[in-house]
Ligand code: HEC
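Shown here is one chain on its own, the form predicted alone, set out as structure tokens.
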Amino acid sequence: MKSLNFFLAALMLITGQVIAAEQERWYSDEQVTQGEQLFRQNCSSCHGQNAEATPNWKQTDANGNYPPPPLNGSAHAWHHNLDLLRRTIRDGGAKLGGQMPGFEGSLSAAEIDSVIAFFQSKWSDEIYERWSGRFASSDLPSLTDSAVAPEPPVTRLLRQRIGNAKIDDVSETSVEDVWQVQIGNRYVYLLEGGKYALMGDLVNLENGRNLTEQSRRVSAVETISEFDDADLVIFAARGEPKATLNVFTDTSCPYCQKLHSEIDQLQEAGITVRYFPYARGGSRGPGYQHLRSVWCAEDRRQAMTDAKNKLFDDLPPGDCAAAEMVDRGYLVGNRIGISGTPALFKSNGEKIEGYRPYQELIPQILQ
């Protein structure tokens, strides 16, 4: 059985082919023209006249809800395949955690495609190419296709086998007849229409590209971009900013303390450090309460430095509203596969495992 699994894995690796990024856009000028009118009639009150939304779309309101995001390529719409974009407009955003109503009764399938064509016309060539490189849009089913269902059969099969873990939408890979689905923080590859599931990394042996790692990076970038600097503890670069390092940290972690002792060197090299809280062990972890105190402090940078140096006497109580970020950071960290601290992410989503001395870390960040 092991040899059979190895053979299947090798077959997937050997036959991997990358779809060329550059290709013509799938929609016509007529669709863009029609979509502009439909968008401004149905969508602009929330997403803006030109799909630009509002400047503070990453900040929650008093009820903890996020406002509608921009659809002009500056947010996350390009991370979704064409079918998911269609279904979200048709069915609404509740399944994705949003508040958007569904338009199934007011927009036809063709009109929904025109709306998508309009806001995709606002995407730069770079964003569109990145999107089209991830999804083979011409092969995706239409809303008029009876095979499209609220939960595809393959998702139901997965749920029967693995229980109630969060299952993301199935997406096509650049390998023929191989599909990818994210289950929690793991990636699973489906063969023969979902009859078989293979867990592990999918690598193109021709060019050495790890397709699974690409998906992990996209997921990390998308997740990290949900947070504003106001949510975090920021140590800004000194002089000309050259790079950003996102760090999931725990004040009780010895290697986190070591990394923080070298933060001056990172700042001097032009690197901005953005700290996310990640209490090992969750609310029962040794650094949980101190992280809450840091996020409640008037000067979070000083509080972080004090906590990393085990100077706890001047820390405030951790009972403010901002302390909720500690729980949020833990959940988000788990979602992108963090298992220990410090967990470091470059701005492109590349993960750097564990502590690195600044002499080694700085070149790695700036390369």
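Take the two forms, find the largest set of C-alpha atoms that superpose within 1.5 Å, and that set is the rigid core. As the structure is a prediction and not an experimental result, all values here were calculated from the model. Quick note: we count residues from 1 along the sequence shown, nothing fancier.
The following text describes the form predicted in complex with ligand HEC, which does not appear among the structures shown.
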property	result
Close approach of R216 to ligand HEC in the predicted complex, 4.5 Å, heavy atom	no
Proximity of P69 to ligand HEC in the predicted complex, heavy atoms at 4.5 Å	yes
Ligand HEC contact at F103 in the predicted complex, heavy atom, 4.5 Å	yes
is_contact(C320, ligand HEC) in the predicted complex, heavy atom dist at most 4.5 Å	no
Segment assignment from 113-121, 248-256, 284-292, 170-178: heavy atom within 4.5 Å of ligand HEC in the predicted complex	113-121
In the predicted complex, the one of A77, L211, V233, A279 near ligand HEC [non-hydrogen atom within 4.5 angstroms]	A77
Residue among N42, T305, N50, Q34 with a heavy atom within 4.5 Å of ligand HEC in the predicted complex	N42
Contact check for L85, I89 and L107 against ligand HEC in the predicted complex, heavy atom at 4.5 Å	yes
N246 C-alpha shift between the shown form and the other one of 2 Å or more, rigid core reference	no
After fitting the core, F235 CA displacement of 2 Å or more between the shown form and the other one	no
Core-superposed comparison between the shown form and the other one, Q120 Cα displacement 2 Å or beyond	yes
Direction of C-alpha distance change in the predicted complex, E222 to A75 (at least 3 Å)	farther
Comparison of CA distance in the predicted complex with shown form for E226, I112, at least 3 Å	closer
